Ligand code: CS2
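Heads up, the chain below is alone and in the form predicted on its own; it's given as structure tokens.
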């Protein structure tokens, strides 16, 4: 068996997705997700111009060697564009191997470590009351954990809330440029603890609660927030501060016992190495698409497990159903899995469901995975061609005096 053809599809069935399809000379194919939100065309060009010519004629079963070839052999290693491209190839090869073996990918990884995959949803609102009403709906649906994000009074466009907009496309109207949003650390720190105080008062402590700071605080400010939130026993505080200088997480850790999570923009284990070995974090949130694929994420999980750190892969809606399925196979296997961010299956999005079908279901707070060979995802090329790429950006943030800040 060898690789005969490789195709790249860039489509927008509600969101932009980059899909890779590797086809063998025996007609067996595999699918991979190469989506990098806001830089989709860069990954597509990397695949088409640089990666695909190196794949033709290779044995698709040589997953490890191909991964090393694309990583070490390029010399210019790491980075989100490179690693998203490699991830798509890796996912597709695992998909092929599973189909040839007649087994779901999780069986090839070593089998199940659990019966279901604990997931957390997103409860958002423009007021505390709206956010808590949303939290109640998630609890009624059986969720064991929920992320709470609320608009900050006096700030337009707080992360995690879109007002009357349904997605970031709507923020950009006819001239797609990055939307700009204001930020005030003092307003934020004075408000967020009240959200969690009322959440615990209304719903008690049985439901796991999560909050995403989205890297907007300095280490000592993040430490202050952690101390303020300690009485409300969060499952974890996500991205409390940028991790460019990882010594900062030691500052946070030394001032609060609140669990910490980070890693959605990490691309390799080297981004997380010092945070892991210093035990400065509790959850690692690197996704399969942005972390180079299933092959390296397995190693990352094993390394993190040595330091009692759990995996909690990024699960945003700008990762395609192929990545979400790959996460499910990884999560059902990983002995140190913690929780999966879950934005639903897009059942209200007819376009998405006409392009992708997947083997996942949700019940009583858990994602369940079917037993189709490979990743279990199907991709409709003809439907995808109907939904043309639509340039889009994530927002940028400025302080109230105009200084550019972290979004």
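Computed from a predicted structure; not experimentally measured. Numbering follows the first chain given and starts at 1.
Below: the form predicted in complex with the ligand, not depicted.
- Partner proximity in the model of the complex, defined as non-hydrogen atoms within 4.5 angstroms of the ligand, places exactly one of 309-317, 125-133, 331-339, 198-206 at the interface: 309-317.
- The closest heavy atom approach of residue 327 to the ligand in the model of the complex falls outside 4.5 Å.
- Mapping the unseen interface onto this chain, residue 159 counts among the residues with a heavy atom inside 4.5 Å of the ligand in the model of the complex.
- Taking the partner from the other structure, the ligand in the model of the complex has no heavy atom within 4.5 Å of any heavy atom of residue 353.
- Under a 4.5 angstroms non-hydrogen atom cutoff, the ligand in the model of the complex has residue 394 among its neighbouring residues.
- The putative spot formed by 11, 33 and 383 is not touched by the ligand in the model of the complex; no residue has a non-hydrogen atom within 4.5 angstroms of it.
- Comment: the ligand is not present in this chain, but in the model of the complex one of 212, 282, 221, 271 has a heavy atom within 4.5 Å of it, namely 212.
- Contacts between 234-252 and the ligand, taken as any heavy atom within 4.5 Å in the model of the complex, involve only 238.
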